[in-house]
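Only one chain is included here, represented as structure tokens and corresponding to the form predicted alone.
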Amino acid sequence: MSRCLVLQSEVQSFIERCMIAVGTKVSHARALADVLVEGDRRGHYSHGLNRMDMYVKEIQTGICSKDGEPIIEKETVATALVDGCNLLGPVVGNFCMDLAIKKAKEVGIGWIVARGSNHYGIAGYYSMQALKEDMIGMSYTNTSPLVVPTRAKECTLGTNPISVAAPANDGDNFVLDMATSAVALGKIELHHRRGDIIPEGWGCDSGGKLSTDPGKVLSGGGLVPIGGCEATGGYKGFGLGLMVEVFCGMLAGSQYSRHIRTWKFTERTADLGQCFVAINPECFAPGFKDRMSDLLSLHRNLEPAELGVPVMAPGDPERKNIRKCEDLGGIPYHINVIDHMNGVARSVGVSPLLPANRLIAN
């Protein structure tokens, strides 16, 4: 009984109140809470409530701006360069994705890059906004250097996530949302907080050797690219991480690679680069959604290698987690996460706290 159930509305309100308590604009606090709660509903606990203390600290210290709105610095009919004005990442992300969709409606594609941004939660939150308009959405961001490239010992790349969302028929869709590292740092942190070991292939120690000790990964080591070591294709994940930098840091003129500040250090602004794309399939061959539905069904209906373990398309595990939350009537959190975040709330004078009395079986 190490998990407890919290209503979605309780988490949403709690995050908003904590952010407002340290001076965040109401609309900005709501934008952040929306992203974090959606991350938890989809099962990406490393990018949900677990991250709230980071955002609180950045607003408290003044390293992230409380006021203002993003600014378009340069644009064409299909592209734009946006100054995020050092605002919360979700505020920048929403602005940019809305602009990308607007341009895609007008000319078929919108490609927006932003500099001066901050951590924006799950990348899929932004790519999925295009689904509402029956469009393909893409979202990318660079991050603090946490990943050790193939053959190296030093962290020079972020987890640099990739998300692509594409609509199919009857509300179905393809949603790829992944880090270009083997896992997100938050998953290492959650294992460390719980006192668990991590699977081999998630991270390495200070010598660049794979390790199952989350403490060694977090203290002098680092994450490894998708694929793990070189023998199992880690160089491909390394290449994908660099590709994200091309779309983000290079195009936006933001900080990049080892020039981005160390994770959770607030001695200087993050100045992250981000990229948001919307594509209208109607500009291409007709029947896109029909083909997408067929593509998804083809793979979901494959005979599984293990009985009772069906083949899933990208986005299916998240839909499964959303249904689980709906069946439970709330979002299940590890009690340690609830206790930690309630401590953060107390420190900024927020009440009521998250309830910790609805214990459920793991």
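Don't overthink the numbering: it's just position in the shown sequence, from 1. What we label the rigid core is the largest C-alpha set whose atoms superpose within 1.5 Å from one form to the other. A quick note: this is a predicted structure, and the numbers were derived from the prediction, not measured.
Below: the form predicted in complex with another copy of the chain, not depicted.
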Are all three residues Gly108, Ala231 and Leu302 in contact with another copy of the chain in the model of the complex, where contact means a non-hydrogen atom within 4.5 Å? yes
Which single stretch, out of 120 to 128, 157 to 165, 213 to 221, 83 to 91, brings residue heavy atoms within 4.5 Å of another copy of the chain in the model of the complex? 157 to 165
From Pro70, Gly43, Pro314, Gly330: within 4.5 Å of another copy of the chain in the model of the complex by heavy atoms is Pro314
Though another copy of the chain is not shown, can you say which of Ile322, Val26, Ile335, Leu298 has a heavy atom within 4.5 Å of it in the model of the complex? Leu298
Non-hydrogen atom contact Met243 with another copy of the chain in the model of the complex at 4.5 angstroms: yes
Thr150 versus another copy of the chain, in the model of the complex: is there a non-hydrogen atom within 4.5 Å? yes
Contact label in the model of the complex: Gly186 to another copy of the chain, heavy atom within 4.5 Å: no
4.5 Å heavy atom contact, Ala252 to another copy of the chain in the model of the complex: yes
If we check another copy of the chain in the model of the complex, which of the residues in 168 to 187 reach within 4.5 angstroms of it by a non-hydrogen atom? Phe174, Leu176, Met178, Ala179, Ser181, Ala182, Val183, Lys187
With both forms fitted on the core, give yes or no for whether the Cα of Gly208 moves by 2 angstroms or more between this form and the one not shown. yes
For Gly233, state whether the C-alpha moves by 2 Å or more between this form and the one not shown after rigid core superposition. yes
